[in-house]
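In structure tokens, one chain follows: the form predicted on its own.
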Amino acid sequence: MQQRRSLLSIPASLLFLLPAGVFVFIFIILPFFWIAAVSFTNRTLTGRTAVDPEYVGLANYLRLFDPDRFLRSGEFGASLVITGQFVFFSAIVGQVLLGLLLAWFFFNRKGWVRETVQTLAILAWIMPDVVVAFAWFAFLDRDAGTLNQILSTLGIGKPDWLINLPLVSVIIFNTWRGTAFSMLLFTSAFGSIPPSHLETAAVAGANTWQRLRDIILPLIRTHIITDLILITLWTFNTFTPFLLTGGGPAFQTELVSIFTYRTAFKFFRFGQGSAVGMIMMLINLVFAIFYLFLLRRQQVKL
């Protein structure tokens, strides 16, 4: 009797994976190698080099890291410093910490307040970027903005947020935008903690801070590292602040993603823009490897 071929055999499995593999190759792998190749040329959108680009070696990369212009306003180094500040305060201090505190505050609480806060946080996360950006633009407007109307009523004044405090404004905006993900992730993590651990600590006389520090945080350390990986990468690559400030004023909010856009699609220097894109990819890779190393160490300890 002839043995029937299993549907889960290796050739059949590869056949099922083929459509996804073709999609990944066309939209991820192929563009990656094309950008890598373009980064070594002087390709532009118009002119002679648009039709016949020349190989320039590492010239695009050397120009980005030129010591004489590296930290000059509007150059790659200055954008990298601004992006570092934006990621640290918006992602690590803002979204991760605020999401953790919100999840802990509403842990084991019931009622309409918790449901309302969670619903509003999720709405802020899932709304389209353009809608959120225009809403915040109106909220921060100097003359008719809601925030300044409140501050004026309190006698504090009416600062021009997007002109005088542009980086602070986009950090607050991005923190408000992305905190929901951290809050939901940590809420799920808290739900996986055995109640007996907290009950024993309460009987032993541990206060809220001691329970959070000595029981909760060690048990959800893996979730914290996972959240840090995702939030850091998303924040480093975000382009949404461009909708608020356009990278200004005077390049004060020009993140690396905005610098890449300006270089490649405003000045049409595709070669240099591709070089910036490759550097961003390497920075993302370093972030991911570092966090995954921490995650693996934590799993080994457990």
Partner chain sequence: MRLVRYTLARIVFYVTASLFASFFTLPLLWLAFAPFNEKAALSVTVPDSPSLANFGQVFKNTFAVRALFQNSAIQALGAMLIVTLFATLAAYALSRANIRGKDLISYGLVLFSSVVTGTAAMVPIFLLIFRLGLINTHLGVILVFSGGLLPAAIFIMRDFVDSIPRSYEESALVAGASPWRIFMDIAVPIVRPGMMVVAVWAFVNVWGGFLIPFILLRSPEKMPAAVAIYSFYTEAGTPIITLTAAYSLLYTIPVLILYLFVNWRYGFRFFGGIKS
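Positions refer to the first chain, counted from 1. Keep in mind it's a predicted model, so treat the numbers as computed, not measured.
Heads up, the form predicted in complex with its partner chain isn't pictured, but that's what we're talking about next.
Undergrad: With its partner chain left out of view, choose which of I92, L165, V81, L101 has a non-hydrogen atom within 4.5 angstroms of it in the model of the complex.
TA: Contact residue from the list: L101.
Undergrad: Considering only heavy atoms, tell me if F88 and its partner chain come within 4.5 Å of each other in the model of the complex.
TA: Judged by the heavy-atom cut-off of 4.5 Å, F88 is well away from its partner chain in the model of the complex.
Undergrad: Indicate whether its partner chain has at least one heavy atom within 4.5 Å of a heavy atom of V56 in the model of the complex.
TA: V56: no, not in contact with its partner chain in the model of the complex.
Undergrad: Decide whether L154 counts as a contact residue for its partner chain in the model of the complex under a heavy atom distance cut-off of 4.5 Å.
TA: Looking in the model of the complex, residue contacts with its partner chain do not include L154, since no heavy atom lies within 4.5 Å.
Undergrad: W136 near its partner chain in the model of the complex, any heavy atom under 4.5 Å?
TA: Looking in the model of the complex, residue contacts with its partner chain include W136, since a heavy atom lies within 4.5 Å.
Undergrad: Can you name the residues of 248 to 278 that have a heavy atom within 4.5 Å of its partner chain in the model of the complex?
TA: Going through 248 to 278 in order - heavy atoms within 4.5 Å of its partner chain in the model of the complex - the hits are S257, T260, Y261, A264, F265, F270, G273, S274, G277.
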